[in-house]
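The form predicted on its own is given below as one chain in structure tokens.
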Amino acid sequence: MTGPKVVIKQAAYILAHVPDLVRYGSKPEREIAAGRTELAELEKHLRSFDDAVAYPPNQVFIGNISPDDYADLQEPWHENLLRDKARYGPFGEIMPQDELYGIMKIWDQFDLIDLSPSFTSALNEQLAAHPLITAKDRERLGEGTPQEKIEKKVEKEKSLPLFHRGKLVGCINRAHDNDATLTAHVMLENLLTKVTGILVTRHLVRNASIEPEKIDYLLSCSEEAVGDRYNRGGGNMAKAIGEEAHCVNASGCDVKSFCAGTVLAIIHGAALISAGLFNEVIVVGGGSFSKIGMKFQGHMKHNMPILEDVLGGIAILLSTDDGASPVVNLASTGKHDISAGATAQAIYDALVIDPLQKLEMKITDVDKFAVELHNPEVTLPMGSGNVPLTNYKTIAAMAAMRGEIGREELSEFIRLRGMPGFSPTQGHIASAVPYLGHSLKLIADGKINNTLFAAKGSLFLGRMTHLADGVSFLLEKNSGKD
């Protein structure tokens, strides 16, 4: 390994349940506007907060269930709920929609959000019980906006109505009369990314028992495009998140590469620490609102609840070597070169075979592989396949082709070194890193020695290139302080 060792001390994960915002997701909104879906019919398939909390994949995401135990649970998961599980877990929480509206108002610096007085009053009491929302935060809720003024803004000023349990409780306002990048809908998307990023960063800081003032730098891997008409994707979401997470001595910037952005940001952060520029770096990703309800039609067709009703948030603390925390092996970094092919095998040659060969390791020397961990119960009803299983089959087949396992061992390889998907289908959220918190615990407990994290990005979606992207790194047990 070149340079000083870099470790990952902690990871945090949150989900925000947003059933009344599903109608504004990119796909549902278009289908409703075109008359192909009735809003009333969509609403029949929305699930309660209690059901979202009891949903097994969500419990894995916040750390109340291990992926190994999850693999043994009865399917379908949406029919076999875990009523004994709580909204809080060792990694973070599942926040209900009304509290999410509250933190949107608290962390809104431009009067984008209006909430009714009665709703605001109830929120103030509810958020008083939240461990990460302070009395000073709650002061920013104010007294609320009169209901008639909210209704007027929705009717006359192109504000977007906010509903809770079907009742109008507020609105989100446009930030400019004529700027298409500052409409109410875009403001909703960006503000949701910001507040989920702030919330998960506050969880991270608390979980890691570190003062936020000690953070040097933040890297946002969120997929939003914050800006105005002169600079549509200018950013900087990292500093916006760091400000409200009290990281007052930090700066930051955004790192993007579609779904590969989070793993790429971890590598960037590790490199900055290894180079001696910073000591404590946070990688943070807020939720991608446009993907809410993306596959709702498949769920409705199969008479299921709409499962894409939660926004994810992830935060990871990288640091200088403490002699104990798992190490980011920068010598293991894999990258998908421009000249590489776009087939699954070519991508995994670049992300798995090449970096392992540099370390003189075999595929079977890796205890766990973390790939795209999309929840298959979300994707299968829409015909999108089981994404994690497909990736694990590819890696297992490569191990067989290299003579590391026999053909009869493919299923066992997948069972031992892979896992069922459990992440919301928000690209940068789902790509490998949902397993990071679990991996940190297993390595600390001596149950595994390493995990290879591999993420892919669909650059062609931006219509600027036909290329894909991909990055990987090996997280491994710390051998002790150098």
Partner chain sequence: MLNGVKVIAYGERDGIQGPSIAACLEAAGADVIYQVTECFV
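What you see is a predicted model, and the numbers here were worked out from it, not measured in a lab. Numbering follows the first chain given and starts at 1.
There is also a form predicted together with the partner chain; it is not shown, and the following applies to it.
(message) Considering non-hydrogen atoms and a 4.5 Å limit, which listed residue (202, 374, 194, 105) is close to the partner chain in the predicted complex?
(response) Here the answer is residue option 374.
(request) Tell me, out of 366, 150, 123, 347, which residue has a non-hydrogen atom within 4.5 angstroms of the partner chain in the predicted complex. (result) Looking at the other structure, the residue within range turns out to be 347.
(message) Only one of these stretches, 162-170, 376-384, 74-82, 231-239, has heavy atoms within 4.5 Å of the partner chain in the predicted complex; which one is it?
(response) Flagged stretch: 376-384.
(message) Contact with the partner chain in the predicted complex for residue 325, defined as at least one heavy atom pair within 4.5 Å: yes or no?
(response) Outside the cut-off, so no.
(request) Indicate whether residue 468 is a 4.5 Å heavy atom neighbour of the partner chain in the predicted complex. (result) Yes, residue 468 is a contact residue.
(message) Is residue 464 near the partner chain? Define near as a heavy atom within 4.5 Å, in the predicted complex.
(response) Answer no; every heavy atom of residue 464 is more than 4.5 Å from the partner chain in the predicted complex.
(request) Check whether residue 277 has any heavy atom within 4.5 Å of a heavy atom of the partner chain in the predicted complex, and answer yes or no. (result) Residue 277: no, not in contact with the partner chain in the predicted complex.
(message) With the partner chain taken in the predicted complex, which residues across 279-299 come within 4.5 angstroms through any non-hydrogen atom?
(response) Stretch hits, in order: 291, 294, 295.
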